[in-house]
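Take a look at this single chain, the form predicted alone, given in structure tokens.
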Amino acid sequence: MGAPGALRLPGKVAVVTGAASGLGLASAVRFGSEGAAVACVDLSADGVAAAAEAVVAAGGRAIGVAADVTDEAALTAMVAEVTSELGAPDVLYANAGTARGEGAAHELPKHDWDFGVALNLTGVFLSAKAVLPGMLARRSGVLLLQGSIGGLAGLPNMAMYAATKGAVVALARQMAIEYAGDGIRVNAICPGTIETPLVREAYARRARLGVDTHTSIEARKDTIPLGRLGDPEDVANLALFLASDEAGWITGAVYTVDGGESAALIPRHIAARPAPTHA
């Protein structure tokens, strides 16, 4: 552990994708408050500008870069811009993702599957690929890949999400072994249900199907041993630790941040689920 009051990412350059809101925004701000210069990356130019302002308000340095993580050329250009403005990236938090496309496998339209694979898996891969050459040249770096507890155990109506997030976990483990000899650490962060705009949007979609949003969220809390949904800061705190030198002997690990839900042998929302009606 560092000395009390010491910054935990002094002089580091961090890239956070999906930084315009939710977990990405909270983590970007947390990194900046601990001494990192942060590149806030997202699709929206206005969103990344606001995220960079939030990092600066927390005491950090930051720039916003509008880029599509599914576009390899755009990410190559993003890394060049970050390197020019802030320095070569030391940390990547590949957080950008989507839960759009809920449904069991037989119900899921292929375009929803393709969209989810492109963003949740290919986008994570391309983000890592873009920063790795610089990290390899310096023989140091940290990659944090955004998984989910949905990639560790089956959840109802989450075929695309489970497949992509499970693949991210496998990718993190593989890359940890691939690059350990180059001084690059790779870990997967697997959140449970966190109160973010993405989660509220998902519950709003269910509300349009006749399920009250507030009632759904309250019922979700009852499935979690600690009795509440997560806060973005819960994930940001873990991301900060894994990005810092305090985690210098941790690689290839998969960290859940879920209020204890994945520790349950039979989660309550699975046990109470009605038998499937399809063959």
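Predicted, not measured: the structure shown is a model, and the values here were computed from it. Residue numbers run from 1 along the displayed sequence.
What comes next is about the form predicted in complex with a small molecule, which does not appear here.
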Worksheet item: Any chance Gly22 has a heavy atom within 4.5 Å of the small molecule in the predicted bound form?
Response: yes
Discussion item. Would you classify Thr70 as touching the small molecule in the predicted bound form, given a 4.5 Å non-hydrogen atom cut-off?
Written reply: yes
Discussion item. Residue-level contact is defined here as any heavy atom of the residue lying within 4.5 Å of the small molecule in the predicted bound form; does Leu119 satisfy this criterion?
Written reply: yes
Discussion item. Whether Gly192 contacts the small molecule in the predicted bound form should be assessed with a 4.5 Å heavy atom distance threshold; does it?
Written reply: yes
Worksheet entry | Partner-proximal stretch of 105-113, 79-87, 128-136, 158-166 relative to the small molecule in the predicted bound form, 4.5 angstroms, heavy atom | 158-166
Worksheet item: Here the chain is shown alone; which of Leu43, Ile250, Ala219, Ala57 has a heavy atom within 4.5 Å of the small molecule in the predicted bound form?
Response: Leu43
Fill in: Contact residue in the predicted bound form, from Ala170, Leu198, Ala180, Ala153 (heavy atom within 4.5 Å of the small molecule)
Leu198
